[in-house]
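In the block that follows, a single chain appears as structure tokens, in the form predicted on its own.
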Amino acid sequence: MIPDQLTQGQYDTVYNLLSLVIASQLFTALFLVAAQNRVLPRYRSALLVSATVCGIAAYHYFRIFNSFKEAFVTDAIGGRGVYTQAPGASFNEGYRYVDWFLTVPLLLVELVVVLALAKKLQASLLARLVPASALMIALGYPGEIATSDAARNVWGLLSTIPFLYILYVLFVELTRSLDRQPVAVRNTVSKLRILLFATWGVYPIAYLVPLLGIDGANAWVGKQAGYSFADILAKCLYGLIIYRIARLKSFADDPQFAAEEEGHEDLQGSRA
């Protein structure tokens, strides 16, 4: 539930975190677009999808940020005091779920694309993962806005089923794909499996914060912090690792491209 009031420290924490996420998503998207020519054409679509994910997230965090500022106001001079819910306004948690409904399937798409698996396997993976991701988000939202712990538990449990299925399929397929990847890429792909578990695991933890004995505003602020950090890791850091994989695979696929890129980097270094 959204708290009736926030202390100055709680308000500043959420305000600054939302601002951090906006900056992280926006500039990661710009970097990924600018870096298109640093990988071979066959991998550029993965970078474009990743940039799209970060761009969508930046847009929705702008909406979340504005919703937050409108929902909590203070009468204190200079804005230093207790913040209470403004009459007729409320924080819209739906923006976050709309963002996830769009970006989580795209996160799965960019991973499948950058691994350059066989077309038949790509189609099979996406046919399984994309509907599961949509179901996971759709089942999680009713629990997010539920007014009772019982309802939150039920919807959270239902949402966990497709969540675990997605992680299982990804871990199995990423493990199987290691032998088909260039040697230089295998270590990065292997680490990506751990990143998926680590970052995606933050979401259910943040979802459960209100049920962990943390009360009122502290629980709500903790949940917002968890979701914010998870979105930075699962979109920005994830996107940069996708870029790293695309670059390493480009070098492995085309030695001439690798030599040209390394020469370009050497030239840049000498100018610096």
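Computed from a prediction, not measured in an experiment: that's the story for all the values here. Numbers follow the displayed sequence, beginning with 1.
What follows is about the form predicted in complex with a further copy of the same chain, which we do not show.
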Would you confirm whether the three residues Ser148, Val189 and Ile205 all fall within 4.5 Å of a further copy of the same chain in the model of the complex, going by non-hydrogen atoms? no
Can you check 155-163, 80-88, 128-136, 191-199 and let me know which stretch has heavy atoms within 4.5 Å of a further copy of the same chain in the model of the complex? 80-88
Selected contact from Leu233, Ile241, Ile56, Val209, since only one has a non-hydrogen atom within 4.5 angstroms of a further copy of the same chain in the model of the complex: Ile56
Any non-hydrogen atom of Ser124 within 4.5 angstroms of a further copy of the same chain in the model of the complex: no
Should Leu48 be classed as touching a further copy of the same chain in the model of the complex when contacts are defined as heavy atoms within 4.5 Å? yes
Do Asn218 and a further copy of the same chain come within 4.5 Å of each other in the model of the complex, heavy atoms counted? no
Looking at the partner-bound form in the model of the complex, is Phe101 within 4.5 Å of a further copy of the same chain by any heavy atom? yes
Pull the contact list for 29-68: residues with a heavy atom within 4.5 Å of a further copy of the same chain in the model of the complex, in sequence order. Gln36, Pro41, Arg42, Tyr43, Arg44, Ser45, Leu48, Val49, Thr52, Gly55, Ile56, Tyr59, His60, Arg63
